[in-house]
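Next up: just one chain, as structure tokens, the form predicted on its own.
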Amino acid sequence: MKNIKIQAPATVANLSCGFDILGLCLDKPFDEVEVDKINQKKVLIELVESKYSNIPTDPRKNTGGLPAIQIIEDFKLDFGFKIKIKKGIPLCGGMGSSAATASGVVFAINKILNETLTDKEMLKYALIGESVSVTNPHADNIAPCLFGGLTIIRDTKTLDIININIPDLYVCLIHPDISVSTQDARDMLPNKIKLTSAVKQWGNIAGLVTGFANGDFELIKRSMQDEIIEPVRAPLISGFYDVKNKSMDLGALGCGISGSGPTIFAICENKITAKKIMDFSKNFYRNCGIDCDVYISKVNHSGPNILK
């Protein structure tokens, strides 16, 4: 194979109580990534114009370019790659935009290499790409983007990843035009937490994973509560609790901050509920004088979609 084009999907990380350990793959939005095998032993980055195309073309500063360089070096390839990227996932939005580019490129290159890379190697190289955008990269966006569905990052160091089969749910994503730096949002988190808060959080995580695995919607609703991270980050997102409280009133199974924000996610049993939340959120932020992008997506169970 000399050429491949894929869609690399957005993801929701944390799912409220699962900070740095839970990630969920979505059908949309997505990046389009096309990789060509070239005779020169180098990496070229070409950007297709889009609303979110303001990313570096220097491959060492691009989350897709750096892992491609590393793969060439590690496997002593005598060829390189031309990578064309059309960004469809908002930058610094909490939807795994940098992870989608990194994962999409690694996934595509692995297909060109006749699937030489193991799952752990794909994770490793995609995390190298994530290191471009954050100081301490985590796999909570990388893993669901690569493998689909709901993933548990049991251990980032050893890349111990568990995939959980979950029902066909819908997710409403609300992305207000508010700037939140991923690194700044991480730096503001507490270094110590109360044992009582930790115990509540552990119970919620266990309940949430069990609820997803068993399709127990009431357990999901009771468990998707964040005792530690959300209270600290919520003030960064104007209107967060207004949207969250209304989403729950409208029937969401859970609502919280996607990744480090500012995107808000609401998980729903059906598309009708997701659309009600979408309509409310658009009107709410319009009345606040804040631009807002909204998406409704089914859970993506398989990861990147091959276009050609």
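Counting begins at 1, following the sequence as shown. Just so we're clear, the structure is a prediction, and the values are computed from it rather than from any experiment.
Missing here is the form predicted together with a small molecule; even so, the following discussion is about that form.
> Going by heavy atoms within 4.5 Å, which of 196-204, 114-122, 132-140, 163-171 lines up against the small molecule in the predicted bound form?
Result for this chain: 132-140.
> Consider the chain as shown here, without its partner, and state which of Arg154, Lys84, Arg222, Arg186 has a heavy atom within 4.5 Å of the small molecule in the predicted bound form.
When the small molecule is considered in the predicted bound form, the option within 4.5 Å is Arg186.
> Is Ala10 part of the interface with the small molecule in the predicted bound form - any heavy atom within 4.5 Å?
Ala10 lies outside the contact set for the small molecule.
> Is Arg233 a contact residue for the small molecule in the predicted bound form, using a 4.5 Å heavy atom cut-off?
Answer yes; at least one heavy atom of Arg233 falls within 4.5 Å of the small molecule in the predicted bound form.
> State yes or no: in the predicted bound form, is some non-hydrogen atom of Asn300 no more than 4.5 angstroms from a non-hydrogen atom of the small molecule?
Taking the distances in the predicted bound form, the answer for Asn300 is no, it never comes within 4.5 Å of the small molecule.
> Would you please decide whether Phe19 lies within 4.5 angstroms of the small molecule in the predicted bound form, comparing each non-hydrogen atom pair?
Contact check for Phe19: yes, within 4.5 Å of the small molecule in the predicted bound form.
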